[in-house]
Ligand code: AHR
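Form predicted alone, single chain, as structure tokens, below.
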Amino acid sequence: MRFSQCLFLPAVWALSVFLSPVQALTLTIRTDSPGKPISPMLFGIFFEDLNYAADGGLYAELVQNRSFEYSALDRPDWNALTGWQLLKRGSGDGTAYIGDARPLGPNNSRYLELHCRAGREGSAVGLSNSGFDGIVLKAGESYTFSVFARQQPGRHFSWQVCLESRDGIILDSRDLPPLSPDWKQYSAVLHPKETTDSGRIVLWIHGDGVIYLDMVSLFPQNTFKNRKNGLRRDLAEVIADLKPRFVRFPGGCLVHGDGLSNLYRWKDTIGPVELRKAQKNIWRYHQTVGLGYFEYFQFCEDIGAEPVPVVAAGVSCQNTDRYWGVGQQAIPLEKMPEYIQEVLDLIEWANGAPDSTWGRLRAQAGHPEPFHLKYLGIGNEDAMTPAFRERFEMLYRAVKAKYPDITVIGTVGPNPEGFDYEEGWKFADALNLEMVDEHSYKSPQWFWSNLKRFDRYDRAKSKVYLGEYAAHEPDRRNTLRSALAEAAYMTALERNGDLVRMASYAPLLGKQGNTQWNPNLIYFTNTEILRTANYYVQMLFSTHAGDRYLLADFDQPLPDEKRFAFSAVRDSRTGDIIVKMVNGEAQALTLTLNLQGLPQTETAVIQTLLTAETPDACNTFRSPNDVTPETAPITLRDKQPFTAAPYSLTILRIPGKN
């Protein structure tokens, strides 16, 4: 059902009530009540480098395997030359090898040795890269090419960089300066004359001898906020449109990795990109960490969101035992002081003065002012083993001793019930943790059946961060049914906004054709972005958030099996009253809105409606607008009948007095 079918003028509403065989329910909202506080941090986002969310996704680098660090550890069919192709022009010839004798640095151990044989005049050897399934180049925009290179001493080369279409048409090219026997960075700015979504970058080399290459990069200058080493603009803007109050990063299972050697170490992700330490991704591809801690914090600042970094709790991911035979491993106790210091250094890096040891590195990166970190997650849905508990407590006590104002977020396992959940809560109670991270990946029905879950929680215990949740259909599609189940649950989060301080759908991003997990909030290709029905639910709740939950209830209890949920909040900044109603039924629900405290005269209201004719409706790349919100002004009078459309989320924004 589209929006035009769901706008009922007062006379039509009255007629629908008159024709209804069941007497309408009355929903009374005490707009004159002070209400109870809702966390200002309630709705945020969870980012994990999963489904190619970073490299090939949000991170704007266009060259794949730019530092020749890919290996079979990333994926069995990969090697150090994956993504690269050797080209020959005329009688030119060459051979590519991987070297490691004189690397750029200890964290970037491999580079390309290109042995060139010039052949006749006009001949050349080329090296091409088509990025992540083709490089998108736009006419009129600028792209910065850079490479670290050196040459065999005593040789002479000329070389150039080209942007080409798939069929070899040169879109732009630049001659590069003479090579040196020592590592040096070379760069050029290119301007393609045509637009293509399947371009490639080519280095053409003329001469005899050996050239050594590393960190071959092509970066659009038109990044989000025009940041260097920044983010893909259109994708970052869609994320920013969610208006998240916080961003949790860098994961997820990525944080505690596939064994101790694969833990995510924040220090490996800062500083010049050529000196950062890339590694395999637990989701079975590669992470360059070009999108590192500085870029995460900068993105948070750019979109006005609180940074919520998560570090491993001294143990690796237990789930790898099921998939890859590693299982939970623990940092030896004698090495824990060093790891604890690493976590403390993170806080100093984020918040320390620019003349402090780690704050100086942040300042050198271009951010002398502190990032004002307030939250730190320790652990991610870990199994509640003795090894985990011992190391978590060591980390927790060390952080609170040196930085008592930092809110430490613990974990209570991967599920909203079961052994790890129960033991995790006992552990949180024993330590008196400020906040714990719960995860809930369940069916749509589970969310409807658990609307009162947090009503029963003890307010004297730890607050809750619902760090990962999503309603999963059997086929893992992003249906309207799943989105409405999440919306219903979010009304319960608002009702319990004094206890549930933060919540984030997960995962955030999925690249079409490269997903390891479904469903996701946003799907994308190199050129398109798909906002799911679930995305619109998250966006609507965030952009129509309040800071006070108002007293509201029906005049008679709804049957337990009835799929209808609501919340009423006040935005004190504007004075607006915001009513959210979720109808998961196939039938419209007619009710009377009793807005106590508002004038009895007609009020101009902004109504936003998210609905479709069937709960199976799902946005796709072929049909991206099947489930999208529509907004229009309506008039509303106190105690006036109102009809909630079938399969719908309705938001009424009633202007306040401010």
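Remember, it's a predicted structure, so these values are computed and weren't measured experimentally. A residue's number is simply how far along the shown sequence it sits, counting from 1.
Keep in mind that the form predicted in complex with this ligand is not shown, yet the notes after this line are about it.
At least one heavy atom of C253 is located within 4.5 Å of this ligand in the model of the complex. The closest non-hydrogen atom of P507 lies within 4.5 Å of this ligand in the model of the complex.
Interface residue remark: W283 is counted as part of the site for this ligand in the model of the complex, having a heavy atom within 4.5 Å. Proximity of E381 to this ligand in the model of the complex falls within the 4.5 Å heavy atom cutoff.
Contact annotation: of the candidates F68, Y52, F46, F43, the single residue with a non-hydrogen atom within 4.5 angstroms of this ligand in the model of the complex is F46. Y441 is the sole member of Y441, W446, Y186, W183 with a non-hydrogen atom lying within 4.5 angstroms of this ligand in the model of the complex. Heavy atoms within 4.5 Å of this ligand in the model of the complex belong, among the stretches 373-381, 525-533, 480-488, 98-106, to residues of 373-381. Using a 4.5 Å cut-off on any heavy atom, the one residue of 459-473 that reaches this ligand in the model of the complex is E468.
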